[in-house]
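Here are two versions of the same chain, shown separately as structure tokens and labelled structure 1 and structure 2.
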Structure 1
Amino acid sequence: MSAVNIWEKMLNIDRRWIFLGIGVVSIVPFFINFGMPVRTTREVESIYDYVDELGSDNAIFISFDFAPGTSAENMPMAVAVMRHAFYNDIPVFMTANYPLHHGMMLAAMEYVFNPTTEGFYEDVDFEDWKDLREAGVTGKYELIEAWENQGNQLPEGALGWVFEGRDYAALGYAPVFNLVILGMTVSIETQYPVDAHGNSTGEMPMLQEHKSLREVDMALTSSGSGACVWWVTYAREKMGLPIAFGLTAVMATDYFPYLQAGQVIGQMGGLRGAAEYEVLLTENGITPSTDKAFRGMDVQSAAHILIILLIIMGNIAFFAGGFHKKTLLKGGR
């Protein structure tokens, strides 16, 4: 076998071997923990710091602008910010810009409220605390006290109570979402007369305190499409609402100009960005441990090393085999 043939064979390797290699290096690190460190970047820290400054008098939006196809990247970002907000008692409005994204919002809530999730929050449905609401008990801390005085106990392992309508409002999907954002600059209730569970938003204490986007302090769009720009266009530019981006890695480079121009306060790029936020949450005692994004970072590193090696090997084969010479390239490879 001539030398050229070896290089040619390397360049024409059956791609299924590469898939197999990627598969193996993507599975092994789940069983053998390498413990690769995740250093936080300024773009993610700025979102964390901004949310950390807020409290129960403020409110934020988390917009679930992604479909199941990118939930591996977008979901951990949204979940991390949601948990941060709940920890700081910041009311959270949740929206979705497309019918499929509505399901992602419900899935995120299910995850954060699920007792099997480490550091979950105990959810209280809107109807369940109707009597307290009608008695005028709507402040977070007096509400917890009154709720527990009724004999309710925080389950073991739960980080706190979250009351629907007080701590969060699952607004969900509404059509022509860019115009919905624009409409919410005047009134949130007009755009969402009822929430995703059929509750009247007008009766929700958090909507009575934060009637429009002008009374909201930040919107995070966890996005798998260009729709994230709607928040910049219709909320940031219209009335100066601070926006944070949580984007898939594929999109990240395209949206750095918005960061550079100061139109967004920060940007989480891909699984790595979500992992950074999880690290910040854990380091500051907000969550007991890091979550799925962080656990995936060892795999990410291992897969990247393999891809880098394959690129180097491919280039060696290309040049050593003389394929960079035009005459050989014309030879029919």
Structure 2
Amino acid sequence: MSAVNIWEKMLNIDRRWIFLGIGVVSIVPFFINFGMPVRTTREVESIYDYVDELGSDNAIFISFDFAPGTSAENMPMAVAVMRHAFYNDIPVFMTANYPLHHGMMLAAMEYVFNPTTEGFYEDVDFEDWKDLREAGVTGKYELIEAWENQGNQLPEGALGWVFEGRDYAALGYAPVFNLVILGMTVSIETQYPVDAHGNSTGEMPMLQEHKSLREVDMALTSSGSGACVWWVTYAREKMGLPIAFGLTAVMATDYFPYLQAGQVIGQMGGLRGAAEYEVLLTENGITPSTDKAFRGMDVQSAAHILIILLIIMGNIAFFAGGFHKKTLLKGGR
């Protein structure tokens, strides 16, 4: 076979081989952890640092403002901040701006509380510790002691207990969400009389201690749409609530002006931003290992490397085979 034929075959490679190659490099990292380095950026570090300074006397909101179509990017952001908050015993309010996004909130909880997840948290339902609430045991540390004195043991591999109503409140979806945010600046309970599981929010210790957004210390909106602006408009600008953005990669550049203007404390952009937060959690001993976003970066990087190699090979074949001369001759006719 002549050299020209080889170059010609390279230029006319069956696209199915390319699709197969992309498929292979996208699947392999799920089984072999390459661990390609991810350097953290200041806009992600600022969110991490802010959350890390908070404790059990504070509270944060995590708003699930994304649909399944962007969950590969948005879900790891929300999960990472949730795990950080649980580690620091920071009460977490969870909301969703559309009915479909409510399911994303439940999926995040299921993942974090699932014993098959490395570094999971053991969930205690609101009704299960009713007797302790009625006895006036609501502080986190005394609650853990009383709960374990009842014979409950933390499962192997769990990083800690989380009590519904003490450590988190799954508020979920309420219609006309921008007005819900506005209403929560006065009272959270009036906007959510019951949570996603039908529990009375007025009976929850964390709502008794943090009655409105004015008594909350930060809100993260993990968003796949412009809904993130609602938090800036109705919470940040109205009463100064610190806001953090978790955005898809295609949205990130559009929202940098909010970061530059100081209207948000930080921003996670796409899968890379989520992976950076996971790296910070692992480096600081908050999680035993990185999670889905970090592994997703391996997949993304491997696919990008293959595409670059194919482009380089195509250009080599085009010039080495002399096809550029033929193109010039045709253009001169």
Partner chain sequence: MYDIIGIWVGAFFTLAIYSFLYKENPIYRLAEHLVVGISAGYGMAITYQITVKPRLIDPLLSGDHWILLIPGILGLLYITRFIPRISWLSRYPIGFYMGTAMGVGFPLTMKANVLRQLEGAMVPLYQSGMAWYEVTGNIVMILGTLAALIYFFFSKPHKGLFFGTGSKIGIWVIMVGFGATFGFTVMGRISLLIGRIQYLLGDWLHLIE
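Each form is matched to the other, and the largest set of C-alpha atoms that superpose within 1.5 Å is called the rigid core. Note that the structure is predicted; figures quoted are calculated from it, not measured. Residue positions are counted from 1 along structure 1's sequence.
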Which of the two structures shown, 1 or 2, corresponds to the form predicted together with the partner chain?
1
Displacement in Å of the C-alpha of G23 between the two structures, rigid core kept as reference
3.0
Using a rigid core fit, what is the CA shift at I13 between the two structures, in angstrom?
8.7
